[in-house]
Structures are given as C-alpha cells and as structure tokens.
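So this first bit is one chain, no partners, the form predicted on its own, shown in structure tokens.
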C-alpha cells in the first residue's frame, strides 16, 4: 500500500486517466492528474459504457449515477445499411450490470466528481519527463514542474509518456475516418420513422453507429466508419458537411437519409492505430489505454479497455505496494496484454455483433474476478 509520502502522477484526464485517479484515491494512494486541456468542457461525442465497465464504476460509487443520466438500450441491433434488414439482435442485459450509452462530457463530469477537488490540474502540457531512478521529474509548457514516484501515461495515442519510453513515432493512419454528429431528437419528430436506441447500420465497406446519449432521449448521436484517402492531418479533426455525408451514404436506408438531413454540424476524424508495443512500462513509468494499445472504435470498447487497464493496474499496486512498482507493472501487463490484444484485433477487424453472436466474453468480463497473472513464473 501507499506510504503516504509517495505521489503517483497521471498524465491525461481522459476516461482512462480519470478512472485510474479515482480508483487510486479510493485505494488510499496519493495521486495528481495533469491534463493539457485548459479546462473541463462537455465534448460533443457519445460513448458506450458496457457492463464490464459498470462493474468497475460500482467500486467508486459511480454506477447508479451513470445509469441515471444515460440511455440504457436493451438490445444492440445490426441492420443492413441499404435494405434495412436485421442482421443481429444482441441482448445487452444479463451481464451483471447495466449497458449505458452516454455523452462523453457527462461521463467525464461524473468522473471528476468522484475525485478529491484539486486532483486534476489543467493546462499542463507535458514537455519533459525524466526518470532518474529515485523519482520522476515532470516539466510542463507553462514553466511549472513536479516530481512523482510513479508516472502513469494515460495520454492517448500520441502519448508523450510512450514517446519517452519508446521514441517518437507517428501512429499509422488506418485508411478510415469517422464522422461524428449530435442531433437534437426534436428534429427527428418530423420523420415517420423509428429511431432505435442502439443500432449499427452496415454497408459493404462502411457503417454508421447510432444511439441516444441521455436518459431524456433528447440527443441522438452517430459516428461512422468510412474509407478515406490520407491527407495532411492538421489537428484531431476537420469539419465535414451534410453534403459530404449524403455522398458517402448515397442510396442508403431512409433512416440514414433522415439522420443526415437532421444534421446541423458534423466533424470528420482520421482513425489511427499502432502496432503492438514491445513494452508497457519501463522504470517508474507505465502506460494504459490508447497510449499502449490504441484500436479502431468499431467495437465501442476503446475507453472500456483503458478503464479495465486502470482497474487492474490499481489492483496490482495494492497487491505489491507502490514502492514495489516494478513488480506491480509486470503483473499488470501480464494480466492485461492478452485481453487488450484480443479486443484490439476484433475491433480492428470490424465484425463485432454484425451477425448473431454471444458477446459475454466482452460484457460479462469482471476485472475483479480475474486472477492477477505473473508470466515470469513458469
């Protein structure tokens, strides 16, 4: 367990970093999160939080609060994007916790509320990270600095912590983009159509995932996967348009046409990935989530894997104590690599739930029921 004087620094206050922070505090560790964004904002995107994640949120008393603000679909429907035929009807109940679809910003706000005020410091863009053996020195763009006993890199696919461990390397462009749009449900009332709670429309080479993001069912969100030539990406996304969407989904089902017609603002995000990393930790630094195993978002499990990582990492640190971080990091990677790699592989293939299948290997998973593995022991 923590000695009380040691501090764990987390780089990144996204969903994985915030989960790590809350879980570490709940376990009695001294933790500080450094986030490069200037302040908290309600980012305009939806996200799935499956039962495998809700079981983790139970530990910090957040699960019921999340259910209260989320849409809680009973089924995941897969439909042919051209004909509308149903390809699968997957139950989302019966996995030990609730399946939620929610606005990412509302989820982040709940996570912030689970931590001690002041845990997250904003406007902290990491510029230097040095592990000197006895601790880690961190320097930020605003001229401030900090020291920590352990640093957790939860800073995404372009992680500065990963870069410190493995060197600078651009991620691989996948050849796909995702269009994102949030639609007011009020605008859908004029259409004599059914807009299902959670549905993925599949085309021959593209798809559209659609779901409500609030318990009030007043926001309907879609995200696509569409093949797209590479361009010189400047920033995380660019603006798209209703016209571009109409072209991308010409002759698709009337529900998709209605969603495009109801779209006011749509953005286009290049989708990146990385080859599996040779290591997840080195010295006093360790990675989680997209910093070490980014994946295409086609299973809606990327954030879930980061949160599962956080839970297992905290379990391992509780097992060994923060002073024996090297053992904790080894156990963490041994316990998580196979699971993360399996989800990454299936997600990148973009076949999950297209046809009728049992997703209990994903949603029924309970990170607290899994053994802590030590693959260094024969």
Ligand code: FAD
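Numbering follows the first chain given and starts at 1. For clarity, every value in this text was computed on a predicted model and none was experimentally measured.
Just so you know, the form predicted together with flavin-adenine dinucleotide (FAD) exists too; it's not on screen, but the next bit is about it.
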Taking the pose of flavin-adenine dinucleotide (FAD) in the model of the complex and superimposing the site C-alphas, would you call this form open or blocked (blocked if 3 or more ligand atoms are within 2.4 Å of a backbone or C-beta atom)? open
In the model of the complex, is there a heavy atom of flavin-adenine dinucleotide (FAD) that lies within 4.5 Å of any heavy atom of residue 55, even though the partner is absent here? no
Would residue 81 count as a contact of flavin-adenine dinucleotide (FAD) in the model of the complex, using a 4.5 angstroms cut-off between non-hydrogen atoms? no
flavin-adenine dinucleotide (FAD) contact at residue 13 in the model of the complex, heavy atom, 4.5 Å: yes
Taking any heavy atom pair closer than or equal to 4.5 Å as contact, tell me whether residue 104 reaches flavin-adenine dinucleotide (FAD) in the model of the complex. yes
Would you kindly say which of 303, 210, 183, 255 lies with a heavy atom within 4.5 Å of flavin-adenine dinucleotide (FAD) in the model of the complex? 303
17, 271 and 289 all contacting flavin-adenine dinucleotide (FAD) in the model of the complex, non-hydrogen atom within 4.5 Å: yes
Pick the stretch from 242-250, 200-208, 258-266, 151-159 whose residues have a heavy atom within 4.5 Å of flavin-adenine dinucleotide (FAD) in the model of the complex. 151-159
For the stretch 345-371, I need every residue with any heavy atom inside 4.5 Å of flavin-adenine dinucleotide (FAD) in the model of the complex, listed N to C. none
